[in-house]
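Given next, in structure tokens, is a single chain: the form predicted alone.
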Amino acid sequence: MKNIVEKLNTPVNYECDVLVAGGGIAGVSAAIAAARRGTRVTLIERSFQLGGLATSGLVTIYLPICDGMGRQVSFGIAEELLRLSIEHGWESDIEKHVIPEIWLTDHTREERAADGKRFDVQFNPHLFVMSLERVLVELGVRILYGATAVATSEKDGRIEAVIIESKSGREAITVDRCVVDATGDADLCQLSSAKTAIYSNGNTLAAWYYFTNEAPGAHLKMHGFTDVDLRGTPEKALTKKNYTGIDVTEVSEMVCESHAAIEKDILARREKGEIVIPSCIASIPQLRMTRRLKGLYELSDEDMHKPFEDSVGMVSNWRKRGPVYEIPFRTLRGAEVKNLLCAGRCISVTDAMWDITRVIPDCAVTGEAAGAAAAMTDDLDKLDISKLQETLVAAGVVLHESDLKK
């Protein structure tokens, strides 16, 4: 293989206390949490809108923040963003999506469990994008769109700067406290000395899209969605190939296959006499699990109902009712880099648990914890976990299952 040797002299054009890489739900949550604690926050996002898979990827269902047994388990920014996602309303093909009434009024755990409706909602991705951006701008977060992290500069076990490339060329951002990797693919971990792991099973092809027809409103087609979704309607896999999601050639092939699958589906339905007019397709690859941090602890799906002294919040299992998982802080960091945290899809979990923690509420929970911690120190080895927990509790987060209302 041929190599080209480059002579680089990268200017430092930005400084910040906390740098967040990735503007998905995890990154937005981290930026909110850090900014609310008085730090200078810079968020870099390679696309040109916030929300990640939730918006650009059309995964427009804010999955449950409850355990399905009548108890809310995720609080703080996870609940705040759920409510923000529908602040302007949304009409869909299924119903007018609002928070189920059972969760808006005073009911017992038993009444909510008997009702069966979980604390979730469907949202309009475009309205949500604008709401998320407005919140960050009002908090003073510097957002750099079209910016991709391409390298890190490490000194004494810390990331002292992140190198980005954008329309402005190659630039450096120095970091006084912590860096939060919310890229979904553990890109900053890979660019630094942190240890990572690849999802062993790969990703199936998804081709979700919105369309309009003779019925009012826009309709979401979960084309190629092979998991059992909230509506209980699994589909046959579109291809036999799985994608790792971390190779540019492979990801490009995946996107082309996704577009071809959407076109094929639309034309097939038109041949049957249906009126199908596509109104929106995903602008990013609909990848779920790619690369993650190998942290101080790998959370397992068998850790349900297990208390952790260093818990920073809780999540439920969107697939089934009952399980509750406390998220230990150790899943957000590794041993190699003193000021690097992960949030969202790339925290330290087993493959089985990965499919549980990759969703919107979990990204918000881990994002808030990472952002709060990032604002407190430049050396995670010296972080007082009890003080982190105190600031999270003060923000409305419930840390332990034993603290939930009976």
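Start at 1 and count along the sequence shown; that's the residue number. As the structure is a computational prediction, the values presented were derived from the model and not from experiment.
Keep in mind that the form predicted in complex with a small molecule is not shown, yet the notes after this line are about it.
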item: Any non-hydrogen atom of S153 within 4.5 angstroms of the small molecule in the predicted bound form; value: no
item: Partner proximity in the predicted bound form: A26 to the small molecule, non-hydrogen atom cutoff 4.5 Å; value: yes
item: Proximity of R158 to the small molecule in the predicted bound form, heavy atoms at 4.5 Å; value: no
item: Partner proximity in the predicted bound form: R288 to the small molecule, non-hydrogen atom cutoff 4.5 Å; value: yes
item: Output flag, G22, G51 and C363 jointly within 4.5 Å of the small molecule in the predicted bound form, heavy atom basis; value: yes
item: Listed residue (M353, A35, V337, I61) with a non-hydrogen atom within 4.5 angstroms of the small molecule in the predicted bound form; value: I61
item: Proximity to the small molecule in the predicted bound form, single hit among G184, G313, G76, G295 (heavy atom within 4.5 Å); value: G184
item: Segment assignment from 206-214, 126-134, 103-111, 303-311: heavy atom within 4.5 Å of the small molecule in the predicted bound form; value: 206-214
